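Encoded as structure tokens, the following chain is the form predicted on its own, with no partner shown.
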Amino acid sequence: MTTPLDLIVLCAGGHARVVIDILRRGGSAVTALVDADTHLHGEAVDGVPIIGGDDKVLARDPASLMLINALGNAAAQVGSSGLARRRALFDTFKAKGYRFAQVVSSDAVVSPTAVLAEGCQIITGAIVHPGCTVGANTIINTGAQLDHDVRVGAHCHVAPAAVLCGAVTVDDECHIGAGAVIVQGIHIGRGAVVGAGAVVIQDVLAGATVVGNPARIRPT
């Protein structure tokens, strides 16, 4: 008989509630959460105990559990620092041999020809069409849409209700803001930020922040 692996969520913020709910609705029980904030230790998130900090995970055999990265990306509204912290958390545990579970909502629509990498999260109501790829540790958030042949790199956040039209390419560590629209065939360079509600009709350079309709580089 195979013993199920424990599911442990990293970080006890708002995004943790989302992934816990998705997992429960899919029939998977979360064992515990860990968080760096010592004030939270001994508390619970929707009934799941916060058992301590990262040391509680590091004391465990990597083969005995799967991790879920629930560090959110609120800081990305003013830059990509939130994504950098999320990537650092993922990379730290990967370097020590730990593995990250995918989180795919039962309410999401994901084509069987889409390719989802380790630790990616497809949240409630998201749509991932044929030929799409989603990189490791990336969030496709509530109601976001990836049309055919979209490629989203690792450590990205496609925020709620964003629309990526066919054959869009988003490089690693990008934030696509809530309600943004990226038209067909556009390339978003590594580390770029697309502001909420922006309409992107031309390629975005690596590291740039664009806002507005049509999207333009944000003045410094």
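This is a predicted model, so every value here is computed, not measured. Residue indices: 1-based, along the sequence shown.
Beyond the structure shown, there is the form predicted in complex with a small molecule, which is absent from this document and is the topic of what follows.
> Heavy atom to heavy atom, is residue 105 within 4.5 Å of the small molecule in the model of the complex?
Taking the distances in the model of the complex, the answer for residue 105 is no, it never comes within 4.5 Å of the small molecule.
> Should residue 135 be counted as a contact of the small molecule in the model of the complex, where contact means heavy atoms within 4.5 Å?
Answer no; every heavy atom of residue 135 is more than 4.5 Å from the small molecule in the model of the complex.
> Answer yes if any heavy atom of residue 89 is within 4.5 Å of a heavy atom of the small molecule in the model of the complex; otherwise answer no.
It does: once the small molecule is placed as it appears in the model of the complex, residue 89 has a heavy atom within 4.5 Å of it.
> Closest heavy atom of residue 128 to the small molecule in the model of the complex, within 4.5 Å or not?
No, residue 128 stays farther than 4.5 Å from the small molecule in the model of the complex.
> Select from the listed residues 163, 40, 30, 154 the one whose heavy atoms reach within 4.5 Å of the small molecule in the model of the complex.
It is 40.
> Only one of 204, 198, 20, 12 gets a heavy atom within 4.5 Å of the small molecule in the model of the complex. Which one?
The option sitting close enough to the partner is 12.
> Even though the small molecule is not shown here, does it sit in the model of the complex so that 148, 172 and 209 each have a heavy atom within 4.5 Å?
No, none of the three is in contact.
> I need the one stretch from 22-30, 155-163, 59-67, 184-192 whose residues put non-hydrogen atoms within 4.5 angstroms of the small molecule in the model of the complex.
Among the listed stretches, the partner-contacting one is 155-163.
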